[in-house]
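Quick heads-up: it's one chain on its own, the form predicted on its own, in structure tokens.
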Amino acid sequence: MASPIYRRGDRKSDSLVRLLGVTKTYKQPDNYNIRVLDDINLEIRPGEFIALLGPSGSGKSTLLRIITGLSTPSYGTVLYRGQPIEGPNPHATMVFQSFALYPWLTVQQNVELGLVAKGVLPQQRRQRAIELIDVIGLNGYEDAFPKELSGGMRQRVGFARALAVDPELLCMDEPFSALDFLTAENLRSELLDLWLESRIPTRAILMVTHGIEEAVYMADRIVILSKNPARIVADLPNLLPFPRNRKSTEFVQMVDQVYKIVTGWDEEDEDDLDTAELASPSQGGEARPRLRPIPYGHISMLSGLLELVSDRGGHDDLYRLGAELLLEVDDLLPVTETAELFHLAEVREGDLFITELGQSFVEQDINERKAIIRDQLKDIPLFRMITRVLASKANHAMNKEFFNDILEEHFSLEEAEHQLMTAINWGRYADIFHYDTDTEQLYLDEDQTGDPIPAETQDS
């Protein structure tokens, strides 16, 4: 069966959704705006199944909410069939990864919810719900409650509820991520069959996913986002015919092509920030440089990955590595980004190559490994700022909250916390500073300063 599939009455030139310069910012407590989406231009046409890929925190779910009208852009325009979207889009529905069912309602009642909101008469609601429950394979469970169903069955109810209102656009936010492997695989295939056989009324599907294989298996178009802020870095047609064979050469090549883009989008170097600027909030809303985020790589996982690749001759294909280690791109990317940040490895054309320094890291004992990481951290602005602040304090200690406040000038509240905890874990591993979990203080000891530490070190 060829792809893409166009529904009766649709023309390829028709536009279901158009995003024109969509930008989304979130205001911080000090009135500084964090930009999440930046100048997104995207068109969704009838008959398309689009997968939206990108690293964690790249704004995929935010973009989905804007398209469905659940959130509004800070700048730019969202058009649905040529008309601006104002409020929730009545022609679009959402399937969430967390099922989002009401536990006190039966399967049938959950499926009827959207129809109730639209004022559909009870008899018609019941008939439509029963039809969809049968289509998704849950006939016989109409009177069951969500707690009586498995995860896969609950997600089927979520699909049926979304489809009950005959949406033109079906949006899905990682709909299979909360399911076990076999259940997810079965549900993917069944949904794809319903779509390709035109057994559902949907004109187009937009699916957020972090699984590259999932995107290549299901979608006929793959849109890839960068992050901080999110921009579209690739918009690829997927012309592989259905049914798709994951073991075919063409499928593997397509996955590898997407992997290269996802792992290679961040090759542009950004200027480092002066440490003094990081510790000084801007005044009067003036433009200021942004602190580049550090990846969330765990040092232990980094060490294991480098050892594995070293044993294989110093380089390996990232897609093959991810599949072998049962890691999605979202799990593997922070580790490879950390390896590149520390100059221990390089990613080129979807392959990971260990550098000379990386090979030295693999061959050293734990103390020498710490010394290598410590030497690399000295060049990262965030660590220069932390160590300068600690060294300048009389007691060589500072509350975690102080650094958190600085990071909130550059990131969202959640991102700032995540950045700081990653920095703390790296700093402790490399013995650059210590962290007391009880007092939530970062501090230097005598070995790190060369000076006696006052008794009040643990005081703020």
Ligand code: ADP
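Throughout, we count residues from 1 along the sequence that is shown. Predicted model, so just to flag it, every value in this text is computed and none were measured.
One more form of this protein exists, namely the form predicted in complex with adenosine-5'-diphosphate; it is left out here, but the text below deals with it.
- Proximity to adenosine-5'-diphosphate in the model of the complex, taken as a non-hydrogen atom within 4.5 angstroms, holds for one residue of Val36, Ala423, Met398, Leu42, which is Val36.
- The shortest heavy atom separation between His410 and adenosine-5'-diphosphate in the model of the complex exceeds 4.5 Å.
- Proximity of Asn404 to adenosine-5'-diphosphate in the model of the complex: non-hydrogen atoms within 4.5 Å are absent; the residue sits far from the partner.
- When contacts are judged by a 4.5 Å heavy atom cut-off, Tyr26 counts as touching adenosine-5'-diphosphate in the model of the complex.
- Taking the partner from elsewhere, Gly57 is found to have a heavy atom lying within 4.5 Å of adenosine-5'-diphosphate in the model of the complex.
- Note that among 410 to 418, 424 to 432, 42 to 50, 389 to 397, the stretch whose heavy atoms approach adenosine-5'-diphosphate to within 4.5 Å in the model of the complex is 410 to 418.
- Interface residues of 59 to 77, taken as those with a heavy atom within 4.5 Å of adenosine-5'-diphosphate in the model of the complex (partner not displayed): Gly59, Lys60, Ser61, Thr62, Arg65, in sequence order.
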